[in-house]
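As a starting point, one isolated chain is supplied in C-alpha cells, in the form predicted on its own.
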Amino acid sequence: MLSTAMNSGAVEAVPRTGTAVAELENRFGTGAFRFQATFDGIPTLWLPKERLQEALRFLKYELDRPFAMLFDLTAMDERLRRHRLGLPESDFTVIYHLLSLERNEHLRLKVALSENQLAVPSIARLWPNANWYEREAYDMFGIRFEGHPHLRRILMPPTWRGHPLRKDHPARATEMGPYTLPPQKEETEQQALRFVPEDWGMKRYSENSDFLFLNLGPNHPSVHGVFRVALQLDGEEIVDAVPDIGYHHRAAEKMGERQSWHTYIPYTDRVDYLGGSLNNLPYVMALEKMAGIEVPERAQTIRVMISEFYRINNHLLFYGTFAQDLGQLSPVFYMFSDREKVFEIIEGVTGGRLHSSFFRIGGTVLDLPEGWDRKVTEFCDYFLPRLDHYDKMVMANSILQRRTKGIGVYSTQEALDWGATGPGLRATGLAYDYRKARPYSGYENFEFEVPTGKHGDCYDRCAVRVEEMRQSVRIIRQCVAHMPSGPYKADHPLTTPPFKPRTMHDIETLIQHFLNVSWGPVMPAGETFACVEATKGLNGYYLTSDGGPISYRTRIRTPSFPHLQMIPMMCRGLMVADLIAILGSIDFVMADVDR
C-alpha cells in the first residue's frame, strides 16, 4: 500500500506496510494522518496538534523498537509557498524529526498552524532536548509552545524585535535602517544581559550557605568559543548551570533563502569551520536527491577521502586543546604541526585549506592532481606512529586520567534522550555510526571499525576520537588503493557548474554554465533531507524547494546544538575544574551551535 503524492514536485511515495506508519495507523486509525511524499523517502505525516503529544508518546514509549531520539524540531513559514498541492492549509508548520536507531528509520511529523493561533503543546517532558529546539522555533518564528518550562529567546538578544526566519523579516542589512547605539539603548542592552537567578528557578541561598553566581565566558579561551555558562556555586561545587548561546549567530539558515543553490555551498563550510568540505557533503547530497543526480564513483571516493582528512583535522585540534585544557601544554604544538601536514594535502587537492568548498552539486570542483597518491600515502605512513606516541604522551598520563575518568558521565539512554550523536554517543558503548548504519557516498565499500567506549565519560569521549583517526587513515588508504577511474562530476543538466571544457565547445553548455552559476540551477518543488557522520556527530540539511533557483527553507541540523544542552546534567555536583574537562570533551564550535 502506497500513499499518494501530497506535493507537486515530490516523486517518491511513502511505503506504509510494515513500517512505523502502519503501526501508527493501527493505533490511531487510518484517517488520523495525512501523508506527504518527499524526495528523501522519509515517511512524512501531518496530524492535528490535539493528537501530537499522544502520537509522540506512542512513538517513544509504546512502539516496539521505538523512536528514542528527537533528532530535530523546527518550523517553516508557509505563507509565500506556491507549490503546496495536496498539503493541508497552513500559515506556519512545526516539524518533528524522529530517529529510531533500532529500526534504523527516520520519521517526520508535521503540525499545521494558522497565523492567528501560533501555539502547540510543548514536548519538553517527552524529550529534554526539545527545550532548546522549541525555544529556537519561538525565537525564529514566534510560535508558542504551551507548557514549556522557560520559553524565551535563545539565539537573538532578548531585546530583538521580530522573528528572523519569518518571510516578512529582512534577510540583508541593506534592507534595515542603519545601526545606532545611543546611551539609553546601550543601557537597555546591558541590563538585558544581566543574569537573574530567580528567572531560572534558582535560589540565592540554601539553609547552610549563600550561593555564588559566576559567569564563565563569553570569551573564547575559557569556553571554546563565544559561549557563556552562568554557574550556581556552593563554594567550588556546581549546584546548577545555565548555558547561554547566540553570541555567534550568523543567520546561516536565513542566508540559505537569499543565495542560489550553488552559491550557498561556501556558507556550509563555515557551519562547523573545522569540518570544511565535510559540511558541503550533506547539503549537496540533499540537492542531488532532489535533482535525481547520480554521482560518479570517482567523485564519491574523492569526497570520502577529503571528508576523512577533515575528520582527522578536527580531531587533532580537539585532542591538543583537550590536553591543554587539563594542563598539558606540549601536545597541542605537536598536533598543530600534524594538522599543517593535513592542510598541505587538502590544499594540494582542493586549492583551499580551512574552507575549501570543494564539493559541488554532482561531484567535486576538480579532479585529483598528479602525484596526489604519493603525498597521501606518505602522510598515512607518518601519522600512525605519531598517534602511538600521543597515546603515551596524553592518554596514558595519570593526571589526565584522574581528571577525566568518571567525569561528565551519561548513559546511552540519556544520550538518546538529549539527542547526542557521534563520538559522544559512541563513548557510552553504542556502536552507531551513520557511515555504517546508513551508508552514503560509497562508504559501504570501505572496511573500518566503529570505536566505542564503556563509561560515557570525558576520557572515553577522547579515546573514541583518537581511535577514529586511526580508522580514518584506514579509509584513506583504501581510497588510494581503489580510487575508481572515470569522471569527477555527473553529466546532468543540474550539475553545477558543468564541465569547463564543454562550455568552450557549444553555446548551449555555455548558457547553462552562466545560468547555473549566476542564477543557480532550478530545483523541482519538494522537500528533501540528507545527513552525514560529521566531525562532531550527525549533521543534516533539510531543504525545501518551491521550484526556483533559491531555497524556500534551509534547515541545518547540527550535532553541537543538542550537545551543549547536556552541560547542566553532566556537571551538577562536580567542581568548576571538572566543567573545563567536560566542555573540552564535548568538542563543539559555536558556529555549529548558533549557525
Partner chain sequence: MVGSPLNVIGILMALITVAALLIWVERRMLAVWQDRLGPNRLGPLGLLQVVADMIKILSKEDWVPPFADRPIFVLAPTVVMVTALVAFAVVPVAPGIGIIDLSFSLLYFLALASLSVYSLILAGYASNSKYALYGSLRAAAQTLSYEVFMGLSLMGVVMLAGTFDLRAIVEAQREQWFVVPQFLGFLLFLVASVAESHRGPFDLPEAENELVAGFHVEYSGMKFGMFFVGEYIGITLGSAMIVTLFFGGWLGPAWLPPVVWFMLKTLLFILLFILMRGSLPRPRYDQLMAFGWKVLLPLSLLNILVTGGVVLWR
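Quantities reported herein were computed from a predicted structural model and do not represent experimental measurements. Numbering follows the first chain given and starts at 1.
In what follows, reference is made to the form predicted in complex with its partner chain, a form of this protein that is not presented.
Within this chain, S209 is remote from the site of its partner chain in the predicted complex, having no heavy atom within 4.5 Å. When contacts are judged by a 4.5 Å heavy atom cut-off, K489 does not count as touching its partner chain in the predicted complex. Among residues of the shown chain, G371 is not one whose heavy atoms approach its partner chain to within 4.5 Å in the predicted complex. Using a 4.5 angstroms threshold between heavy atoms, D269 stays clear of its partner chain in the predicted complex.
The stretch that touches its partner chain in the predicted complex, counting heavy atoms within 4.5 Å, is 230 to 238, out of 230 to 238, 423 to 431, 145 to 153, 371 to 379. Of the residues given (T452, T503, Q328, Q478), Q328 alone sits with a heavy atom within 4.5 Å of its partner chain in the predicted complex. R403 is the sole member of H97, H163, R403, H262 with a non-hydrogen atom lying within 4.5 angstroms of its partner chain in the predicted complex. Taking a 4.5 Å heavy atom cutoff to its partner chain in the predicted complex, the contacting residues in 573 to 587 are M575, A577, D578, I580.
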